[in-house]
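Just one chain is shown here, as structure tokens, and it is the form predicted on its own.
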């Protein structure tokens, strides 16, 4: 397939493994080539170049981009996309002044979704999740991580993970599965330690035996799980060839950053609440990924993570959606791109890097996805005619994705 008359190609990397600099410099070419073509062969990017140097072959299927701009597809490295039901009633409670923890006390939050998940048939959960993700692909998401964590018991957690692994097989985009082992303590258990013992002795052995997870994860916050559980899960992850992701500093600073750094967590996610000591510790001692979730700050009216500061100090920052029914009921990565510009104060080029290539790195698929590079998978988007990368945050509520290509095929 040949895409012709592309106004600009954004997201080009000539080297598949660019070095991460200590001081920020653009990963992508800051001056994109103009008036281009892109040739796709066997689902991968074969060649790109100037239209004036193109010799057309009548046997090649051709799509006219009509002078639209082209960019890599989004790589969303933090979602909870396998869930059922909605919690719009909690939004009404928030509008009446209740916070996240008060809603949890009244039986809302994670426990409310877990109740719905327990009664959901696996086939129905698969069907619902499949159609959810199809909609995300139409919005430009071309790679995805999905966590469990809305089961809170062995049977429902395993059901969720089986659904994620079935989605890997039937959807055309790469998907990574994460066992969110410690999300919230069910009422059945008196203490978090008692629940931890249950997860480690009952659920985790099956997850490991059936190879249902690529990563382990936990929610380290006040009234959820203390930093000591990061250390415990990190050891389990190391002993079983998995990597650890950590939710922390969404609501509180309780030592989760220090514990995650010491545990060499693969990714530290959220970081809405960061003090100066934690910022300096990340800059000095952390070489993993800082996964930032601006949709959560927007929806829950939380502070925005210091993305620009972290980027400028050489940290690996990627931006994801955190699509879930409670704190960010949106998986629209285009909206996260807008928030990255308007709230994190990133340039459109930085926003593109953090939502595409850096997301691919955080999913460990950057060798094949996340940029416009010869030999990589042809997963990319064409913007709507007369729209540009720089107009995305300006026309902040205007849909800008026109066409999505997965493995070189128009989706």
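Residue numbers count along the first chain shown, from 1. This structure is a prediction, so every number in the text was calculated from the model and none was measured.
Absent from the display: the form predicted in complex with a small molecule. The rest refers to it.
Here the chain stands alone, but in the predicted bound form its contact with the small molecule, taken as any heavy atom within 4.5 Å, falls in 77-85 among 156-164, 227-235, 276-284, 77-85. The partner is absent here, but in the predicted bound form a heavy atom of 110, alone among 110, 311, 136, 146, sits within 4.5 Å of the small molecule.
Among 332, 177, 327, 203, the residue placing a heavy atom within 4.5 Å of the small molecule in the predicted bound form is 327. Taking the partner from the other structure, the small molecule in the predicted bound form has no heavy atom within 4.5 Å of any heavy atom of residue 337. Among heavy atoms of residue 130, none comes within 4.5 Å of the small molecule in the predicted bound form.
Although the partner is absent here, residue 100 sits close enough that one of its heavy atoms falls within 4.5 Å of the small molecule in the predicted bound form. Within 4.5 Å of any heavy atom of the small molecule in the predicted bound form lies no heavy atom of residue 289.
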